[in-house]
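Take a look at this single chain, the form predicted alone, given in C-alpha cells.
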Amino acid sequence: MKKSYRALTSTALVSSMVLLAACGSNNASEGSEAAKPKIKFMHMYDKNATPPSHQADLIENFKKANPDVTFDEEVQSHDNYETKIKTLSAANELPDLFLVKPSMVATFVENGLLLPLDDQLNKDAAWKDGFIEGSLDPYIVDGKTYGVQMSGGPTHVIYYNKELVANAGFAEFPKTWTEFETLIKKLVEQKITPIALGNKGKWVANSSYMSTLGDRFTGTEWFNSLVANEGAKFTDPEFVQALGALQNLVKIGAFNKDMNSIDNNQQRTSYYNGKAAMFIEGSWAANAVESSAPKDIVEKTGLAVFPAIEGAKGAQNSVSGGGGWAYAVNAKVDPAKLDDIQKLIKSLTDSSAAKLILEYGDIPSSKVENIESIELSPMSKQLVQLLETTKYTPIYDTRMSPGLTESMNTTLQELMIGKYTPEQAAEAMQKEYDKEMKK
C-alpha cells in the first residue's frame, strides 16, 4: 500500500510540476506590487465550534495582532482533514501551512513535500528550547525537524485510588516493577480489581500500556530503528520481555476478566464505583475523572506512571506521548512568506500559547513558567507536575502504519487472553511487519 501511494504521488508530482511551471511563467510576466502575499493555511480549528478550541482562539489573536498578514484560510472538519491533506499531497497542491501527524511525516519528506523548520526554530532560541523534551521528536527525519506540535499529552497515565492503595500496604505509589506486582497481588487478596481495563476497542493495550512498557525494556532507539527498517525486530529479546511483562500482569490477576468486552468508558466507571483501584489511559481522561467521578473518588485520585523496571535497558522515567497534530510548511513555499509563517507558528505553540492550552485542559508541548499563577484544576496541576519528571517516548500506534497498528492491537488482545506466548506474539507481529516492508 505504501509503495502504491508513493508511486501515485510521484506521478502526480510530475504532472503538477509541469502545470506549476506554466503558471509560474505567467505570474512572473505579470509582476506584483502586493506588499505581502496571502498565506494559504489549512487546519481544523473552527472558531465557531463547540466546545471552543485553544488553537482557534490563538489563530484569531494572531490575526488581530498582525492585520498586515493575510490568509487564504481553509478550515476542515477533524474527520475530513486527513483525507483532504493526503489528497492535496498526492496532487502536489499543499497549502503553505498545514497540519501533519507523525505517521505522515516520513512519506511526505520522502516525496519532497515538507520544508525543514530548523532554520525557523533556530532564529528564536527561547521558542526552540521551550519545548518539552522529546515533543518534537516524532517530526524529525534524518536529523531535520518537519513539524511543530502545539499540544499532545501522554497516552499513559495511571489513575489510582490512594486510599485503596494505602489499604494494600503502600503509603505511596510503588517505585519498582516488583513492588507494583506486589501491590496487584495484595489488591487481589482483598478482592479489589487492581486495574480496570476496557480493551474492547483494542487500542488501549497498545497506546496506553505497550508504548510505555515496551520503551522501558527496549529503549527508544529500538523503535526508531524499527520504523526506519534499520534492523530492529519485534522478535528482539527486549521487546519479547515487554510482552512477557504485560502477559504476567494478566496472570497475577491485574485485570477484570471481561477486559476485551468493555471499552475505556466502562473501565472508568469501574474505577468511579470504587470497584477498581486503578485504570490506565492518557491525559485526556483527567477531565473525565474530574467531571464524572464522585467527589470523594476525585479527591482520592493520584496520578503515576509505570514504575522503574529492574534491569531494563530503556529510560525508566519515560512515558509515551507528545505525538499529535503539528504545524508543517510546504517545501515549495514562497520564501517571502516565511517570516510571517514563523511568527504565526510560534504564536500557536510557544510558552505563552501553552498557558492558554493548559487553561483549556489540554497538555501543551511547550513548558509553562509560573504555573501556580494559572487557574488549573487540582488534577491538571498533578498531571503537569508528573510530566515535569518524565520524558516523552514514541506512541507506537501514531508512528506505525494503520495496517501494522491493527495487527499489533489484535495480537496484544490475544496475548492477554493466553492465545499466544510472548514469543509467538512477537513472531506474529514480525510476520506482519516483514510483509509490509516487502510491499
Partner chain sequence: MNDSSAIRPKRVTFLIYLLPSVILFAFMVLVPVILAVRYSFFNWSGGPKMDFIGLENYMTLLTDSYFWNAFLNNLLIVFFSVFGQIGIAFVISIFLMSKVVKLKGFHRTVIFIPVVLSSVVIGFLWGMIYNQDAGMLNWFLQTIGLESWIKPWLDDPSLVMYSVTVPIVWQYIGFYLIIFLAAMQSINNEVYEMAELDGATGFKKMRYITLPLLSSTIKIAIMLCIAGNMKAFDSIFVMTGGGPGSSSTVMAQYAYDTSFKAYKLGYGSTISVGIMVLSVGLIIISQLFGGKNRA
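Residue numbers count along the first chain shown, from 1. All values derive from a computational prediction rather than experimental measurement. Between two forms, the rigid core is the largest collection of C-alphas that superpose within 1.5 Å.
This protein has a second form, the form predicted in complex with the partner chain, left out of what is shown; the following refers to that one.
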*Counting only non-hydrogen atoms, choose the one of 227 to 235, 196 to 204, 119 to 127, 141 to 149 that falls within 4.5 Å of the partner chain in the predicted complex.*
196 to 204
*Candidate spot Asp96, Asn265 and Lys343, all three in 4.5 Å heavy atom range of the partner chain in the predicted complex?*
no
*Pick from Asn330, Thr301, Asn92, Gln241: which has a non-hydrogen atom within 4.5 Å of the partner chain in the predicted complex?*
Asn92
*Contacting member of Lys295, Lys257, Lys191, His78, with respect to the partner chain in the predicted complex [4.5 Å, heavy atom]*: Lys257
*Report whether the minimum heavy atom distance between Phe180 and the partner chain in the predicted complex is within 4.5 Å.*
no
_Even though the partner isn't displayed, in the predicted complex is Thr410 close enough to the partner chain, meaning a heavy atom within 4.5 Å?_
yes
*Answer with yes or no whether Thr107 is in contact with the partner chain in the predicted complex, where contact means some heavy atom within 4.5 Å.*
yes
*Does Gly403 make contact with the partner chain in the predicted complex, using a 4.5 Å heavy atom cut-off?*
yes
*So which residues in 111 to 128, when you check the partner chain in the predicted complex, have a heavy atom no farther than 4.5 Å from it?*
Asn111, Leu113
*C-alpha of Gly153: shift of 2 angstroms or more between the shown form and the other one, rigid core aligned?*
no
*Would you tell me if Glu310 moves between the shown form and the other one by 2 Å or more at its C-alpha, with the rigid core held superposed?*
no
*Using the form shown as baseline, tell whether Thr83 and Gly201 are closer or farther in Cα-Cα distance in the predicted complex, where the change reaches 3 Å or more.*
closer
*CA-CA separation of Ala228 and Thr107, closer or farther in the predicted complex than in the form shown [shift of 3 angstroms or more]*: farther
